[in-house]
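Shown next as structure tokens: one chain only, the form predicted on its own.
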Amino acid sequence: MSLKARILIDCNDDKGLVYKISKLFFDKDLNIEDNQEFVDVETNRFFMRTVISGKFDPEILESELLVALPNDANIKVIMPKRKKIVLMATKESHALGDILIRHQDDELDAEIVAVVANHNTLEELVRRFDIPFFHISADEMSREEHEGVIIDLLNEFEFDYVVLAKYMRILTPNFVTHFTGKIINIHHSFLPAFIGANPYKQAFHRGVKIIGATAHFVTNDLDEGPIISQDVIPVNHRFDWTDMQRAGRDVEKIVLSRALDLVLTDRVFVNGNKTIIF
């Protein structure tokens, strides 16, 4: 039976890498349906994403690639399937609602296994989509205690990513470390501008001419993790801060959706604090 796989490779750049990889595929009678590669000259790092089809054993193919490539090579042979995600939210519905609708309309290549929120404001919305909703209040708990309860809950699920759909609490290093490389956030600006409370009021009082959003992986450096997707729209003096907020929320939805599509289809490599997007 013919199979299809996404092959993700990164390693130190060297002469003949593309030849070695493509020859291995050719010798195994595998068809290359799509291929993209890039070399980061500053770090001398080679990145390649290839879609192949044919008859093969994924584990054997991965081991053969490891033999053919440099010792430092990272290789993933990924059989396409829906990844599982957990959504975290607070009170704002726009990012969460957009993801739920895309999921219902089969536009999101993922399974939403649960929604976790520190307020129950969005419970009714989530229940309409027949997705489990968990309200874990932060009242009368320290940040560490609250996150401990969430970690215990998340450990009950199998998932690939945690998506912060406007989850308005700063995560502690302990939480981030538990899910390193698995947390995706949407931020209301080009990082790290207008941090803190009321960002659109800040933008209004600064007289900005564009507003935007950034989707990024979460690290222990607040809102400074590797960027996955960004976009902006123009605004002018006719916009008050509520107009900017409405427009900004639209951008946030688009950018988060685009970022999820890239991550869920294995198009993102993390290279230090940057990303390579294919």
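Because the structure is a prediction, the values reported are computed rather than measured. Numbers for residues come from their place in the sequence shown, where the first is 1.
This next part talks about the form predicted together with another copy of the chain, which is not shown.
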Problem - Candidate stretches 121-129, 80-88, 178-186, 146-154, one within 4.5 Å of another copy of the chain in the predicted complex by heavy atom - result: 121-129
Practice task
With heavy atoms only and a cut-off of 4.5 Å, decide whether R169 touches another copy of the chain in the predicted complex.
Solution key: no
Problem - 4.5 Å heavy atom contact, F56 and another copy of the chain in the predicted complex - result: no
Problem - N220: touches another copy of the chain in the predicted complex, heavy atom cutoff 4.5 angstroms - result: no
Exercise for the section: Using a 4.5 Å heavy atom cut-off, state whether V51 contacts another copy of the chain in the predicted complex. Expected result: no
Fill in the blank from the handout: Heavy atom within 4.5 Å of another copy of the chain in the predicted complex, from candidates E158, D139, D105, D72, belongs to D105
Handout entry: Within 4.5 Å of another copy of the chain in the predicted complex: residues from 261-278 (heavy atom criterion)
Key = D261, N273, K274, T275, I276, I277, F278
